[in-house]
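Below, in structure tokens: the form predicted alone, a single chain.
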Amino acid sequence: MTGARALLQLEGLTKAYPGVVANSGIGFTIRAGEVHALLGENGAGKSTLVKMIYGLVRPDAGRMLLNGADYAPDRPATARKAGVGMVFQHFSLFDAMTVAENVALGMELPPPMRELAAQIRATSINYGLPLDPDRIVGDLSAGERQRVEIVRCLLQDPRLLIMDEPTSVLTPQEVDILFRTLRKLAAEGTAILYISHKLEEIRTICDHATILRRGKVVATCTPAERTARELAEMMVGTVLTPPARPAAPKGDIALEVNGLSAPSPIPFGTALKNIRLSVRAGEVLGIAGVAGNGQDELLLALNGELRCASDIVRINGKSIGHRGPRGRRHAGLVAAPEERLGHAAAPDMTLTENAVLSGAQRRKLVRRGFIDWRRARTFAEEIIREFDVRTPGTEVAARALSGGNLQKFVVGRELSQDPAVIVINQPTWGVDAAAAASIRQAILDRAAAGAAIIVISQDLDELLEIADSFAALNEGHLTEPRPVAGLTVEQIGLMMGGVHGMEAANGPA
């Protein structure tokens, strides 16, 4: 790879926003046929950098060279025309349209639909990502949707493909398929700029890594020659300690769900089908599942936003199925949904106001119908301090925080309310290694204090690290919870894919 020609060269790229320098003098080279990792903690400047490469943001200083010629894209269409494609972390697909129609929307001059459908079939099969161009996107699994995004890029014959957290919604088996595709692309000379917080994946697939910290390049390395912990410590600039699980006996059943079935209120969502589970005080139940298999619906049903018959959900033996979110908070259940902006937090409200939204009852922030703003600000300050939320203060709007910092605030807000039952969907989504370790430790500390906790996550390493028992969601069905001890990632992947019973327990023959 060292002898391969330089495809993209960055020289002194700098971008500043009011009050912060996002990128300062960034310089490195990506070579043809190379899988190059871009690593850094939240706020390190990764997003700003790839936005400059893809034409979404103009640099204040520095320059880029593509194939030895000056490269300064003024918009994504210019970048795509030059041979730079990008697969974003969050899909930009229309559920009600077909695969071919979605692909056509991303092209400047799409060919006739029949010709495009043939191209989609041929390209998707050639790269091991088979797609039916006539299928409605809303009916596709998360893995299939990602295939649409990738194939849409490949049809434009990119020389550089930027991938942002590409495996966040995939099973281990689907990750293997994606990696085979990336190796094939690299062998054909395509360069791949790979962004991920999953450091073992970085070690497996990436040839080189550039590490950013606070907007500057602080290190480069060959990932396979480093451990995941060494990579994480290079990112954050400090020694990381793994979460410690305090020894604590499990108590009585705190949360019980018996035969929960419910239609999805979400367009193209997944109905819940006869969900049964119980979680004891001090226990962490990990629930895995590829996105779109009922995770959001399960949180809504447990949180009270999706109500059911009274006896179906019980907290400490009391029937609460008929109660809404406020009634369930009163009973001791708190929840942190996956969608940070719009569901977990109101974008245009301050952090203090967002602290009041879910903490008013359990933290006694309202007295005689009036908000006690002093107590509310103190609560927000406590969250910011204890969960290391990077923000100028409590009166900043939620939308002004980076995704990782808002995640820390939302999870911290719920964990700080002394709850009996905690339900969290994707607790460390989009946060860096140090923040993830901090959140996981906080979850374990709440369990040690006697809370019953459900963690819904697509990060299997996370579940194996903090959960006592494990179950998987597939098409609205929940497997029977079983102890984490002895489970392998491969067995979990099979359970997530809908394989149950002894077949999943034993793994493939």
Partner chain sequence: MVRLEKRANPSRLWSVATPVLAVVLTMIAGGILFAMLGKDPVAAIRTIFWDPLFNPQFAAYSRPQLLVKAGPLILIAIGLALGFRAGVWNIGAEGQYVVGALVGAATGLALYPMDSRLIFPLMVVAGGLGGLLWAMIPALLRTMFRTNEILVSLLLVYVAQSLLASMALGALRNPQGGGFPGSRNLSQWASSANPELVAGTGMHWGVVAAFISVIGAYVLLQRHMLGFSIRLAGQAPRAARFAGVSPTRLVIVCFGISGALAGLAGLFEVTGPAGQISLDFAQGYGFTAIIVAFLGRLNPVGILLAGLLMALTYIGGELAQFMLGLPAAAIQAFQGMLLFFLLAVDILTNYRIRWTKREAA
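Keep in mind the model is a prediction, meaning the values are calculated, not measured. Numbering follows the first chain given and starts at 1. C-alpha atoms forming the largest set that superposes within 1.5 Å between two forms make up the rigid core.
The following text describes the form predicted together with its partner chain, which does not appear among the structures shown.
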| property | result |
| --- | --- |
| In the model of the complex, residue 63 touching its partner chain (heavy atom, 4.5 Å) | no |
| Residue 413, heavy atom within 4.5 angstroms of its partner chain in the model of the complex | yes |
| Distance check, residue 216 to its partner chain in the model of the complex, heavy atom within 4.5 Å | no |
| In the model of the complex, residue 267 touching its partner chain (heavy atom, 4.5 Å) | no |
| Among 332-340, 96-104, 145-153, 123-131, the region lying within 4.5 Å of its partner chain in the model of the complex by heavy atom distance | 332-340 |
| In the model of the complex, the one of 301, 356, 281, 257 near its partner chain [non-hydrogen atom within 4.5 angstroms] | 356 |
| Proximity to its partner chain in the model of the complex, single hit among 420, 360, 277, 185 (heavy atom within 4.5 Å) | 360 |
| Stretch 391-411: residues contacting its partner chain in the model of the complex, 4.5 Å heavy atom cut-off | 396, 397, 399, 400 |
| Residue 367 C-alpha relocation of at least 2 Å between this form and the one not shown, rigid core basis | yes |
| Yes/no, residue 258 Cα shift of 2 Å or more between this form and the one not shown with rigid core fixed | no |
| Yes/no, residue 400 Cα shift of 2 Å or more between this form and the one not shown with rigid core fixed | yes |
